[in-house]
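This document opens with one chain alone, in structure tokens, the form predicted alone.
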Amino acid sequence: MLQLESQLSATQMPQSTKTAILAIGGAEDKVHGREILQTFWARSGAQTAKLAIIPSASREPSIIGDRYETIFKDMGVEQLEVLDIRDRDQGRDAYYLKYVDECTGVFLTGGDQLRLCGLLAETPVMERIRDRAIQGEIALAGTSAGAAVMGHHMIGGGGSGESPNRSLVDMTMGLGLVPEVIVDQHFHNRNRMARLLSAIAMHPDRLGVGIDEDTCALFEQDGIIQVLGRGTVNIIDARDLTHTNQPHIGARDPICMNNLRLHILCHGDRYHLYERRPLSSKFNE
């Protein structure tokens, strides 16, 4: 029992107060330990956090916004505002812009990533959020659809459970918060490996990041990705791709891809985004 407790203790993530970008695979624990949400709260300043919740991806933004407001206030957040943006004109609202300039953390809820981008892309509010997040001035988290929008290229929709093929994935433009990656969420829970592979076949210069439910890929300012939560983060690296038939086949024909690298990371594992390599884990240091 003592050995098991020691192993569990070794897997705990250090609670840093530095800002970060958190891509969450959806269905994060909202009731018990709330590890991922607690990490966002800590990275936003903990007791001094001033949070903005943006539920624009949801078709029921009031309900979703109220739910996260309750969760974060239960954690002790005293300064919190739900930015209920339902049309693009609100993306230049003076009050929202002032609040975004002053807040320490922004949380993008789940829903429909196409809806989220349609409402926020290239609005003054979103441009300010992106600039502050990239400069390390705020913590930024997105869950489910809020994670899908992180890259420059975004999976807007598609299917699952087939061989990789072009018809399996609909690609569009994301918000460019972490432009080097293409994120897919609810990853193993909804059997989306083939969908992410199809996306990477179209954009092999990008890094595929597939995130399970109740799991988070936490992007540090120095390019380190840390994994927390109960599932896995799957990294697909096509940098050394030697052959793919993707440009020459029909939309429903299977895609072949040679010389891919796949990394499956669990809680506590780390990966270097810019060097494209896993870092030593606690088991082989």
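From 1 onward, residues are counted along the sequence shown. Source: prediction; values computed, not measured.
Keep in mind the form predicted together with another copy of the chain is missing from the figure; the text below concerns it.
Engineer: Tell me, which of 232, 226, 58, 39 has a heavy atom within 4.5 angstroms of another copy of the chain in the predicted bound form?
Structural biologist: Looking at 232, 226, 58, 39 one by one, just 232 meets the 4.5 Å heavy-atom criterion.
Engineer: Here the chain is shown alone; which of 245, 221, 70, 62 has a heavy atom within 4.5 Å of another copy of the chain in the predicted bound form?
Structural biologist: Looking at the other structure, the residue within range turns out to be 245.
Engineer: Would all three of 85, 125 and 129 be in contact with another copy of the chain in the predicted bound form, where contact means some heavy atom lies within 4.5 Å?
Structural biologist: The answer is no; none of 85, 125 and 129 reaches another copy of the chain.
Engineer: Look at the stretches 43 to 51, 62 to 70, 27 to 35, 248 to 256 and give the one with heavy atoms within 4.5 Å of another copy of the chain in the predicted bound form.
Structural biologist: Of the options, only 248 to 256 has residues within 4.5 Å of the partner.
Engineer: Test of understanding: in the predicted bound form, would residue 189 fall inside 4.5 Å of another copy of the chain by heavy atoms?
Structural biologist: Answer yes; at least one heavy atom of residue 189 falls within 4.5 Å of another copy of the chain in the predicted bound form.
Engineer: In the predicted bound form, does residue 272 come within 4.5 Å of another copy of the chain, counting heavy atoms only?
Structural biologist: Judged by the heavy-atom cut-off of 4.5 Å, residue 272 is well away from another copy of the chain in the predicted bound form.
Engineer: Counting only non-hydrogen atoms and a 4.5 angstroms cut-off, does residue 164 reach another copy of the chain in the predicted bound form?
Structural biologist: Contact with another copy of the chain, yes.
Engineer: Residue 184 versus another copy of the chain, in the predicted bound form: is there a non-hydrogen atom within 4.5 Å?
Structural biologist: Contact with another copy of the chain, no.
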